[in-house]
Every structure is written in structure tokens, then in C-alpha cells.
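Two separate entries follow, structure 1 and structure 2, each one form of the same protein chain as C-alpha cells.
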Structure 1
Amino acid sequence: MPMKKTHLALVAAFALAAPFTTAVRAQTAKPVVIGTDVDAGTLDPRLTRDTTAYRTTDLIYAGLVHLTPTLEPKPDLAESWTTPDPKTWIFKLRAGLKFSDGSPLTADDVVFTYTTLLNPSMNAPQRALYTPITSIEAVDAQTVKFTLSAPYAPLLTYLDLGVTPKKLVESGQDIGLKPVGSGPMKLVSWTRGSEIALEANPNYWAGAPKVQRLTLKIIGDNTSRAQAFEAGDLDAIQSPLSPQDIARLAKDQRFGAVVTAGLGVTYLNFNARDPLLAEPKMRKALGMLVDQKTIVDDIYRGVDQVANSVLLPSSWAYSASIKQPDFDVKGAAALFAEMGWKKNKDGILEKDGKKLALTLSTHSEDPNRVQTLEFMQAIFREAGVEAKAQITDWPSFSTNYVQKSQHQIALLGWLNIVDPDRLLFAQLTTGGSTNWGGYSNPAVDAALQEGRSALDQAGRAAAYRKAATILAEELPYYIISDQGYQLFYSRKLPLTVQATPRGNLRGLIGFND
């Protein structure tokens, strides 16, 4: 639907249906056990950085809206909203909302959540998604008014952020460790590196979920997690999974399966601050050494798809005409020669007495990424690039390395790309909060700003295509593949499972959109 029509529809007060089936549910005391690959870094929804944290906080907390599996915003804590003009959004909260500890949830808690998230001192990873908000006001206990600096098309999609309890946080409680939310579940215990145990929250506005207890078991190795699922120790597992495990699990009649396109990409993050990688021509030459087809076909066994650009094929902004450089070893050699790099007697490229040497890095928990990195390392060396592979655990790789911009070329992924803005703005605008590679191009900045402020979808698509065209040439990111999404679950689960490509878990506790 064109955005203009969407806006016009929003001008009138929404009287929207509840997002979930809210009838009284037959409840089951048997815990549901779900395998996951990494531990949560925090359970404060304003500070989440990893998928386990996103998915767990989505159960513990509730936002103003909830995103359906088709990414449609539906009412959650807010029962309705109006947009009297493109820069003003007014949300009406449901009556009688409570946090899981029984304390009331009011407009002050919503104001507190977004005000603190926007405070630069909090260093919230997703802060850039909300910076068009210039003020948040509690009109009354049930009414919140957002004022924007400019029309901001993706806003509603981002308002599923969990609302946090103002009084509790201001009293000194660290909700990153002891969360109290208003979502369908609440925390029972958290054993770091092992498991997170949750139970139903009877104070959730839509009623307690059918599943009374849920445990997230942290099993880092993909195959070990799949084996634990097959042995009956887990009730469900989802991406990331190894291709050989996916093929085997899909044939097992004991399990339900959802295999579909995901909302994520696997990519190379070039550190543009590194003198060796500062020139787009060097990044382009190295990108031409990435054999995407072999990586996708042989390592990922077709689970993912070869990517063309930073735009997902499922997005309304996608254009097949925008393409990154293809695998082209001769073309890369020509670019190296143009930059003055020549092979020495050992076959390594040199310039001014220095070898062309760099470090490729990824994390150890994902064997496909490790294999991809080692495959790339071999091709790089054949082309005369002395490539070192650095493989460490996720915290060492992510928090203590890439996020500190210490990398040269890092192999990692982005998930939850519910809008092109989510992959691009914070990551690739100058000074963006997750622009770990330090990329900067004023033309890209302007296009990405236009993409989030245009009121019609055609205008947004044009802006993102302009940015993607530049990015495909300058390559601060090289997108290797568009990720698939897989969910496997025991058919013994006493509920109707609903999957979402975001990987969120409400569809595994009895809430269906």
C-alpha cells in the first residue's frame, strides 16, 4: 500500500483488533525447552545486541505495538493511535496495564523508556532508530504523544520496543539482570552461559499464555544443538543451523518444520578506517575475490541465497539491477595492479616493500562462517593476498573486537531487517551508532535520511536504491548471502506453532496473530 494512503488511514483514530487470540487458553504445565546459540548479553530491552536478548525480552516485555510474522504492526500495550499530522503520533494505552510485579504501567513508563534510550550517555545500540523523536510527552496516564523532527516512515515498526518500569529502574534495580516487564512471561532464573527460565505472567493484558514455563537452553554449537533436539532434550530449535542438520531434520516426521526466507544477511564488514581498506577500489578488488556461489551452494547447501546488494529481495525497495561486483579473480588482479600492487617471488602482492596482508575474522560458534572464512582465506592467498584467519568466541569477536572497530574484514550477520532503514541507517551513515567500519559518504547519508523521511513508499524505495547503488560500488559491506530462516519443533507440543522470520518466540507459547 502506498505510504500516502497509509498515512491518510492513520489520520483517523485506529480502532484496531487485538493482535493475539485472547480467549481463555487451556494451559499446559509442561515446560517448553528451546535451544539457542548464544546467551543474552542483557535483558534490558533498551540495550539488547544479540538475538537471544531480543527474543527473550520480547517475551518479558511488551511494546506499544507487536509485529506480526508479516511485519504488520498491531496493537500491544497501545490499543489505538492517531497521527494528526506527519510529525505527531498519539498513542492510547489500554486501561489497567500492569508490570509482572503488579505495579501499574502508565504513560510515564513509556516516556521514561524512550527518553532514557535516546540519552546518548546510555549508549543504546538501537538509539539511531529513534533519533527523529524530538519529544515524548505523557498527555495523561493513558496517553503518550511523540513529536518528530521530520516525517519518519519506519517509526511504527520500531515501537515494539519493550516498555520498562520507571520507578523500579530509578530505585536502582538493574533490569538487565533482574528484568520486570509487562509481556506474556517473566524471568524465573538466569544461569549465565547455560539457560534462561521463564514462567507465564498472569498480569499480561492479553492473559497468561498457554505455555506456563519456558526454558532457553544455550548450546553454542549448531550440530550439538540439533542433536539435543533429536534426542528429545529440546522442543524446538531455529536458525542458525548447519545445512547438513537442516536436511536431516526436514525429513524427520517427528518434527514440524518451517523453512523460509529470513530477514537477515551474512556479510563482510570492511573497516574503512584501516589505511589498507580506506580506498573503495581496494574493497572492490577484495570483494571480487568472494566466491558467493560456492559459499552458498557448497557451504550453506542452498539454505541461503546469493545476495546482490544491501537490499533484501523480499523488500519493496529491492532492485535486481543493483549489483555488487561478481566473483572475478582476473578483475581483482587488474584492480590490484592499478593500485600498484605487484606479486613478489613468493606470489604475494607487494607495494613499496610492504606485503598486502590482512586479517579475516569471525566467531567460532557458527561452523559455516568458520568454513566460509577459511575458504575465503584460501582464495585470497591464491590471488596474492596474505590473509590471516582470526576465529574467536562471540563475545571476544563481537563486543571486544568488531564493535571496537579493531577489525579489518569481519564476517558476521544482521537479523531482524524489518525495514531497509534497520540495516542501513545506524550502520552506514557517518557516525552511526553501529557504523563499526567508520564508513562515511555524504551522498549515502542524504539518501538514507531521505529513505526514512519520505512519506510515500515510491519515494522511500528510490532513496534506498540510490544509497544501495553507491554502496554496491564502494562496498563498506559486501553482502555474501540473504539468509534463510528455519524452525523445527516437536509435533508433541500441545499448541499450534506460529513461526516468524524474525525468530521471536511468542508463536511457541500459544500466541498466534
Structure 2
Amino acid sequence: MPMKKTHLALVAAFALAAPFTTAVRAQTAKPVVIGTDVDAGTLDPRLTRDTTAYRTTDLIYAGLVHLTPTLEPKPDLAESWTTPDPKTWIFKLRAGLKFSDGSPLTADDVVFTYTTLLNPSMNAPQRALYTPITSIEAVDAQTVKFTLSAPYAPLLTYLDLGVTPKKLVESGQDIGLKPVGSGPMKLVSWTRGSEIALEANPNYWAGAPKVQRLTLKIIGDNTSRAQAFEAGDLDAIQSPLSPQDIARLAKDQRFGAVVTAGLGVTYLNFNARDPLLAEPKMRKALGMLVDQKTIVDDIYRGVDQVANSVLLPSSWAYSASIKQPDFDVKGAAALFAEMGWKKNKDGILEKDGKKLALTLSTHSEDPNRVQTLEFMQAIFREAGVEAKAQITDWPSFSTNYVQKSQHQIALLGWLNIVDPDRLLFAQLTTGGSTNWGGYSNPAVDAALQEGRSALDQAGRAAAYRKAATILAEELPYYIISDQGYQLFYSRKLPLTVQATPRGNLRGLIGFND
């Protein structure tokens, strides 16, 4: 039991530090200040879309489960759960749960949270993750029953969504601005664009956290945030950080560091609808021109890792033996020749009098992606592909280009891949809602469906490995790198810091798994 450990550790700490108790108290009474890159858009957990909103609502609210650093769902508000059949999930809530305002939390609040989330007029960004839920009902005040349209194994990982107070919301309170939850902390004040101040919630079922006050300071610029941390204005900062800042902070003895695998990938999205890219062999040849090692070592300065396949190394489904083609310029040249492409006098590949000309695109907000794209453009040209680079801002690139399937090869990323399903199902099944490249393969469809339906992890892992093997050969996606996650904290913090790859902050207020 994690809580017992924390309590024991606390007792031990106080026993050892008996003469210094006041000093320790004084220190914990000072707020822990954490730097973050964007202001939260809303503090309603059903509507969060930015990392700050997600991380803050994870403190203010509690869900049925919470995810450990290894992404395993552990009981939070739910004490236990059962699955009488693959389409039914029954959750038993803990006794005596309360919101931070003292009002009771019951099954009705859970039903309300998910019912409103699924209502299309709510326009919840994560709604698609929950659509297999057909009904949710309160069996009694402490029991909630979910009924699904089809077996849907990833659901459990998504049930860490904060439970919202039905009565308060229905009385008209905008919990996006004035949140009330049942998590370990509660909101004190929110100065838009500047800071979010929280304090311990004594009504949390596991007791108040060790850290009494926590402030999130919003500092948009990565380098400014790193400098504010070095100047001592902040106690902790985390991804996104610039590689040059990471290298400097990692050497500083004043700071503790966690540098680990994150939950995101950077990848090339090949438009399989484009006549030039329809054939897997062409995508394979182009994939062989991606120098992953140089990109990761020199552009991402080792913060990200070279990726092998669509399965993340941190995932239980990962298998080292599934590999996309490596960087191999000669191999690529051989494949081009097999397909009938020959270099003309200018060194550009030609077939039937037409040049092999392709547009590589990405967005301007991420300088590392821009650099990666320009580096790839150079290698493509060297190999005889007339590559054009197109760099626009995110909304122009994403909404008006890639999402309309107008791209040829787009460089972009996916985040929050807490389950393999989240990177693969909507993206690569035939007609999937985010299958912008129009890829279609019935064998992959079947494997990804199997990954959703199988309820045991071994069965799911086998299905995802089968899909990943086909995808590494056909390459609708070429995964360039698995994103890293970094957390730096002041060694003066009076607690044991625990990081999660999602950047949750519970490990910075004294709750460790």
C-alpha cells in the first residue's frame, strides 16, 4: 500500500527530526513553486486540452482510478472493480468520499461526469476516447455500472478523469473557473496568465498531502523558465524544455533530475492516397533516408530516443525485435532502382520523364522539428529526391493541411500514448477518424480490433505486436523518435520526488506510488 509507506516515512521523518520540527514545518508551509509553459484553458477536467490544465485538474480532482508512473491503473475514488462480462464494468466507490467543499461524492456524481462528457454539445476534446460507453448508471450510492457497445480494454486507463460535483454544476457554478473536486489539493487563486495557487485538501480520502501549498507559475518561454529555475524562483520545472537548457541543468549539483521516456512520438505521416506514396516500397525507400541517430543525437541532443516501431519502449506491448528499416542510403537507392526511378544528369530521380518531387512539411512552433525537416530535406536531395520543405504555423499546418489529407510527408507528433490503442486505432484503421493518410489494410484493422477486445494483457500485447510488424513493413507512419520526459527539481524540496512520464504533479506534493 503506497499510502502506508508514506505515513511510515512521515512518522520516521518526524521522529528523526524532532528537534527540528518547526524548521520542517516552516519549510513545508512555503509553497512549492513549479514552472509551466502555458496557462490552463479551463479547470473543468472534462474539457482540459493543455498540459497545465491536465496536471492541475489531476491535483484538484480525483478519478475512479489514477495512473502510476508505469501507467498502471490503481484505485483512487474506486476501491475496487469487477468485469462480469467483457462489456460490463462495475466500480465500487470508497465509503465517505467528500468534495473539497465538504459535500458528499456519490455514484451520481460519477454518472453525471461521464454522461455530460459524452454529450456531443459539451464539445469535450477527449470525447472520442469514451464513445464505446453506451450507458452508465448508479446501481446504488457507492456503485457505478458502465455498459459498453463492444469490449474496450483501454477504457480503464482513461477513467482517471476527474469526477465533477453534479449538484454544484447544475446550480450554475462554472467549475472551469471555480473548480471543486475531491483530489489532494484545492484552488486558492488563479491569476490568468501568471499563476495558479493551490492548497492541501483535508477532505481527500487519503488525507491531506505533505505539501501544504503549491503554486504553478506560467512562463511561456522555455529558456526564461529554465533561467527562473536557476535563479531560485522555481522549485521544479519539466518538459517541454530546450535541449541546451537540459544539458546545463543536468550538470548543476543543486538540482535533482529525472530524464526518462515520455509518452509521445515524433513521426512522418505518409499520405498513402498520394499516387507517389501509395506503394509500400516507396515509403520504405524514403524511410531508409531518415537518419534517426543524427536527428536524435544532434538535434534533440539525446533527450529523445531512436524509435524502433509504433510500440513505445515504455509500453507493456513493446518488442525490440519489431523494427522499421534503418538508415541505409544504398538500400534506398536499390529500392528506387527496382521501382524504375533513375537519376538524370542533375542527379534527380526520374521515371517516365517525371521527377521524384515531394513536399516535406511541419509546423514552425517547434524549432527541433523545423531543423529535423531541413536536415531530412538535405539527405533526400542527396539521394536524388527533389524535396521541398513547407513550414507553417500549427493551425495552418494541422487543420488546413494534414487533417484535410493535402500533405505528402508530414512531420508531427502524438502525445499521451498511455495505451497502444491511442496511437493506432483511430489513426491507422480503415476510415479511422484521424487516419489522415488514408492507410488501409484489413489485417491491421483486425489486429487493432483484437487489441481493443482482448481483456488480458498478454492477448492485447500479441495483437499489437502483430499490427506493429505489418506497419513496420508498410510504413504508413515512420516513427522517428520516442519523446523523452524531463523533470528537474531543487534538492532543497523537503520530500522524495517521484516523476511520471505524463508530468503529473502528485509526486511533487508527497504522494508516491
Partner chain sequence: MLAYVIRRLLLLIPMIAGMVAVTFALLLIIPGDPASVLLGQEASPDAIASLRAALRLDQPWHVRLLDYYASLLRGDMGRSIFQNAPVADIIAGRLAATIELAVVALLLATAIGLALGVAAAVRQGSLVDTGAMLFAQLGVSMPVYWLGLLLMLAFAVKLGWAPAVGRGEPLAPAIVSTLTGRPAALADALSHIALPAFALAANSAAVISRLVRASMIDVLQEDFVRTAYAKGLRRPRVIWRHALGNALLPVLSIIGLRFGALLGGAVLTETIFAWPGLGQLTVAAIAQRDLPLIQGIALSFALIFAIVNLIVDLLYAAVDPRVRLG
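Every residue number counts along structure 1's sequence, beginning with 1. Because the structure is predicted, anything quoted here is derived from the model rather than measured.
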| query | Here are two forms of the same chain; which is the form predicted on its own? | reply | 1
| Rigid part between structure 1 and structure 2, K355 matching V139 | no
| task | Work out from C-alpha fits how many degrees the smaller rigid part twists against the larger between structure 1 and structure 2, would you? | result | 26
